[in-house]
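Quick heads-up: it's one chain on its own, the form predicted on its own, in structure tokens.
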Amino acid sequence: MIGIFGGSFDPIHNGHLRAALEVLQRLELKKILFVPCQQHAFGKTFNATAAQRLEMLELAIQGEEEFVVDARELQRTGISYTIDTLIELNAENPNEIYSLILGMDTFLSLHKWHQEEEILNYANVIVVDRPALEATRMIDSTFADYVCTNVHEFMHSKAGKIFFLSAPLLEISATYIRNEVAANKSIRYLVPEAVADYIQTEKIYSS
């Protein structure tokens, strides 16, 4: 199974990386693809350029063999739809199993995504959340029947399963990091050192 971790990554931070590592190790995935989007489906704008976000990703995962940057969405024009990426990946590797990696907040908005039910025809979904909150979350009825609690069954399902992984998460947000940089404050320990150096050198997020 290969994990797909999509997002703005504006910037990539240690919260992203730790969550990805938890999934990689706990579910013993082959690798995780980090897929930065070109144009956000909900109109979100980016502060860093596509090239800068890509470079920060490359710097963040250097030395991690199981972490791979997949820039296909940056090479497309128009809105970056996850379904398009999943169709492409399955066409390229029809025998592979793919799973989207989502935080709980993102998962709870999945019903708003483009062709949301089609997504589960091409991939599984791994929802990562803090253990203390898992029991209090509500699942949209659209996806309730896809939930799988047996990890062995999940790992051997080609698509159509949703698995909840309780894991400790780092409370870090990209917005907070951008604000700290704009206020001329240190972002040490929030992002990898190489990313912090790049942000400073390129003067990204500086006011």
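Remember, it's a predicted structure, so these values are computed and weren't measured experimentally. Start at 1 and count along the sequence shown; that's the residue number.
One more form of this protein should be noted, the form predicted in complex with adenosine-5'-triphosphate (ATP), which is absent from this view; the next part is about it.
S.K.: So which stretch, 69-77, 115-123, 83-91, 97-105, is the one near adenosine-5'-triphosphate (ATP) in the predicted bound form (non-hydrogen atoms, 4.5 Å)?
M.R.: Stretch 97-105 is the one.
S.K.: In the predicted bound form, which of the listed residues (Thr175, Thr49, Asn150, Gln62) lies with a heavy atom within 4.5 Å of adenosine-5'-triphosphate (ATP)?
M.R.: Exactly one listed residue reaches within 4.5 Å, namely Thr175.
S.K.: Would you kindly say which of Leu54, Leu169, Leu165, Leu27 lies with a heavy atom within 4.5 Å of adenosine-5'-triphosphate (ATP) in the predicted bound form?
M.R.: Selected option: Leu169.
S.K.: Using the partner position in the predicted bound form, report whether Lys44 sits within 4.5 Å of adenosine-5'-triphosphate (ATP), counting heavy atoms only.
M.R.: Judged by the heavy-atom cut-off of 4.5 Å, Lys44 is in contact with adenosine-5'-triphosphate (ATP) in the predicted bound form.
S.K.: With the partner left out of view, is Gly15 within 4.5 angstroms of adenosine-5'-triphosphate (ATP) in the predicted bound form by any non-hydrogen atom?
M.R.: Within the cut-off, so yes.
S.K.: Is Ile199 close enough to touch adenosine-5'-triphosphate (ATP) in the predicted bound form, meaning at least one heavy atom pair within 4.5 Å?
M.R.: Although adenosine-5'-triphosphate (ATP) is absent here, Ile199 would stay clear of it in the predicted bound form, with no heavy atoms inside 4.5 Å.
S.K.: Since only the chain is shown here, I'm wondering whether Val191 would be in contact with adenosine-5'-triphosphate (ATP) in the predicted bound form (any heavy atom pair within 4.5 Å).
M.R.: It does not: once adenosine-5'-triphosphate (ATP) is placed as it appears in the predicted bound form, Val191 has no heavy atom within 4.5 Å of it.
S.K.: Though the partner is not shown here, which residues of 1-25 have a heavy atom within 4.5 Å of adenosine-5'-triphosphate (ATP) in the predicted bound form?
M.R.: Those in contact are Phe5, Gly6, Gly7, Ser8, Phe9, His13, Gly15, His16, Ala19.
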